[in-house]
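Here's a solo chain for you in structure tokens, the form predicted on its own.
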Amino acid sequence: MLKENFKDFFETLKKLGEVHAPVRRGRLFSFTKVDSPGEVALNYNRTMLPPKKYFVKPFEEVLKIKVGKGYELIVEEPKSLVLLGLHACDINALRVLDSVYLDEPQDDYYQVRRAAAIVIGVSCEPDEYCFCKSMGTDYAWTGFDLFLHELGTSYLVRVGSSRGESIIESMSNIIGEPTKEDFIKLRDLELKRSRMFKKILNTSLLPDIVDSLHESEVWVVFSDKCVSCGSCNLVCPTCRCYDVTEKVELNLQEGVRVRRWDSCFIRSHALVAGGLNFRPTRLDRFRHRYNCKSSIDPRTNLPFCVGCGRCSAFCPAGIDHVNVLNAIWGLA
């Protein structure tokens, strides 16, 4: 697809649902609703909040409570959504979330939103924080409907689903068959991109290495810098913990049950009935997060860290995820 046809491509997407894409906000980028292709910044490095915010909301009401009448489930109407411009790492992160929220017992809120969303990926170039190549998530094989590969003056459009195939068929006037030259150009650009990664992490046996070196002094050194703010959890595209609470109105007759994103860096996260906290110290919580992110999702064989670099880029204490793990390996 020639880039000069992107406007027509965008207008067709608007007929399929509300289009959300990365938009520049000062020095940062954010996924938000867009009405014109001129608002879209497909050459972005990363957004602060990942696309998971569309499927697992930071804060949402799930039940209404009325004294004498019990609980009433809050039913959400499906909303057609087009997510344009996801990087491969974020697409793979959604596959991890799918394996959690769509497994039994299925999360109905997540399922409805996921089914109503069209996912369109776009190729990218790594910056100083990216390490998705080390995690094996720098390429998306599945989990999307369409994927736009940058070829200079055009995009090579890759189809990832039957729905994507239908979209392509409806755009036959602006999207043609790729040529042999297109595939050669794609090969050359992917090879160039592969050589651009600056962050390297040895992931061989990583889950066992992190777990077995539980008493390493490295954890102490880096956890002393940590301020336990939980920012890394909030910006992580695969963090899936949430808390559930109930709020009662002043009339004491009604209220709501809400769920919100939670952070394993917050002390209350591991607090259980009776006052026991099985991760009472910052060191305990720091080690736990790295143990979690170094693990492999058994349902997808994908790591729980997709190497997007958000946790490092937005850490107020300047802690770099790869530097910590390389230090565990004895490489830093």
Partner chain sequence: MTGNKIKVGFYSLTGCAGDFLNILNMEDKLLEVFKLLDVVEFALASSKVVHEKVDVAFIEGSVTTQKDLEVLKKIRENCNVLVALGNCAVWGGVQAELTGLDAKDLMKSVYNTTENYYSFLGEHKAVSEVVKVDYELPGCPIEVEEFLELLIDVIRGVIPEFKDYPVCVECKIREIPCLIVERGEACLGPITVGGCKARCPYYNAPCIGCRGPVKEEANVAGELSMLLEKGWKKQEVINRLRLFAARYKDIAKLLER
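Residue numbers count along the first chain shown, from 1. Here, rigid core means the biggest group of C-alpha atoms that superpose within 1.5 Å across both forms. Since we're looking at a predicted model, the values are computed, not measured.
From this point on, the text means the form predicted in complex with the partner chain, which you will not see here.
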Exercise for the section: Decide whether C226 counts as a contact residue for the partner chain in the predicted complex under a heavy atom distance cut-off of 4.5 Å. Expected result: yes
Practice task
Flag E249 as yes or no: does it have a non-hydrogen atom within 4.5 angstroms of any non-hydrogen atom of the partner chain in the predicted complex?
Solution key: yes
Practice task
Check whether A41 has any heavy atom within 4.5 Å of a heavy atom of the partner chain in the predicted complex, and answer yes or no.
Solution key: no
Exercise for the section: Spell out, yes or no, whether the shortest heavy atom distance between L81 and the partner chain in the predicted complex is within 4.5 Å. Expected result: no
Problem - Stretch from 195 to 203, 82 to 90, 249 to 257, 151 to 159 whose residues place a heavy atom within 4.5 Å of the partner chain in the predicted complex - result: 249 to 257
Exercise for the section: Give a yes or no on whether every one of L28, T245 and A317 sits within 4.5 angstroms of the partner chain in the predicted complex by heavy atom. Expected result: yes
Exercise for the section: Scan 262 to 279 and write down, in order along the chain, each residue with a heavy atom lying within 4.5 Å of the partner chain in the predicted complex. Expected result: I266, R267, S268
Exercise for the section: Take the rigid core as the frame of reference and indicate whether the C-alpha of L276 shifts by 2 Å or more between this form and the one not shown. Expected result: no
Handout entry: Flag for K33, CA shift 2 Å or larger between this form and the one not shown after aligning core
Key = no
